[in-house]
Every structure is written in C-alpha cells, then in structure tokens.
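This document starts with one chain, in the form predicted on its own, laid out as structure tokens.
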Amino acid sequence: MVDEVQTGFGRTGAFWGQEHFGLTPDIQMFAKGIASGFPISGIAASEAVMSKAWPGSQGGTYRANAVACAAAVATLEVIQEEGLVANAAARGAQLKAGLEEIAEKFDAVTAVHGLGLMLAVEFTDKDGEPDGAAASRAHQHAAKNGLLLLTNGMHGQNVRFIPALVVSEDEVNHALSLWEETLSAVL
C-alpha cells in the first residue's frame, strides 16, 4: 500500500513518488495535488483487489463531486501540458544543490533530505541532537522575509521547502538567497 497524498502528481520530480523506488503498489491512495486545492481524494487498486471490498466501502471525507472532478481533470492537463513533472525534477535538483551548498557553511544544518520539490533541511545542536529551536528560529525569520516554509520532525528539527510545481529558476535562486541570509541571521 502506498500513500501518495503528498508525494503524487509530480511533487517529487516523478509523477508518483513511488517511481523513484521501482514500486508497484497493490493499493495506492492519493489526494491534494490532483485538483489544485479542491477537496478530492482517491484510491486505486487492481480489479482483483477492489473486488474483495463490499459495495460502498470505499467512501471518504473527500468523495468526488462534479466541481472537484473538473478541477482534477484541468490540473492533470496542466501538469502534462506545462511539463510540471520535469520542472519539479529540475527545480528540485537546483534547490537541493543550493540547500546543500548553504548547509556546508553552518554546523547546525546537518542534512538536506527529500526528492524533487519536497525537501527538508535538518538542524541539530552541538551534541548532534535534533534542534527544533534552531529550526523554529530559521522558520520564523524566513517568514518575516517572505520565504514561506514549514517545519516538521519528531522534535520540529526540520524546515521544509515545498514550492509550487511552477516555480522558476529565478524564484529558486531568490529563495536560496533568502535562506542563506536567514541562517546567517539566526545561527
């Protein structure tokens, strides 16, 4: 079973995140990226697997409706027509390389994780322990400068970069500049 709710629809630089690992799931779930923010989700499986479920058992919070389905069709067309999976791969490689280069300048940044346009910068303290406080300071400072990021991790030690699939080379360069300025200010 593969959960592609966050990783699907090009986010990782492949249409499905599972493609990076050569997986063919028995069951796959997806949502979020399929309809550009409209509430819709889905589950996919072979006919052999789906036939084992009783009728009506595949319900959920985001059942299909006409508007959300139209948004999904339009979103899939845009992803294909504008080459957004390839853009996510290229801009993701650019962003990861830039984040790794910046990380080398700061002892508190110990790793850059992720694929495509779904990356995280990990912070640790001088003892090698997760440092949620440093990540929080960086997150807050970046937001004040217009760089909107997320934090996650068991200790809040990661700052996540999840730009739009349409992000440009110049926008990635600008984000990297803001990030380096942020780390210089807070670490």
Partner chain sequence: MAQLSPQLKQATPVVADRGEGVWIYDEAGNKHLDFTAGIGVTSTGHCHPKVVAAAQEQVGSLIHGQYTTIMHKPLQRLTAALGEVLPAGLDSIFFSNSGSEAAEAALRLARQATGRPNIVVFQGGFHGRTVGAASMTTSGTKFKAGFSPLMPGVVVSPSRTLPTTGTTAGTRSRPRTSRCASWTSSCRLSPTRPTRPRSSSSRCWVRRLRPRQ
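Positions refer to the first chain, counted from 1. Note that the coordinates shown come from a computational prediction; the quantities given were computed from them, not determined experimentally.
There is another form of this protein, the form predicted together with the partner chain, and it is not shown here; the text below is about that form.
When contacts are judged by a 4.5 Å heavy atom cut-off, residue 137 does not count as touching the partner chain in the predicted complex. Residue contact with the partner chain in the predicted complex: residue 108 places no heavy atom within 4.5 Å of it. In the predicted complex, no heavy atom of residue 101 sits within 4.5 Å of the partner chain. In the predicted complex, residue 5 approaches the partner chain with a heavy atom inside 4.5 Å. The partner is not shown here, but in the predicted complex the stretch 157 to 174 reaches within 4.5 angstroms of the partner chain through a heavy atom at 158, 160, 161, 162, 163, 164, 165, 166, 167, 171, 172, 174.
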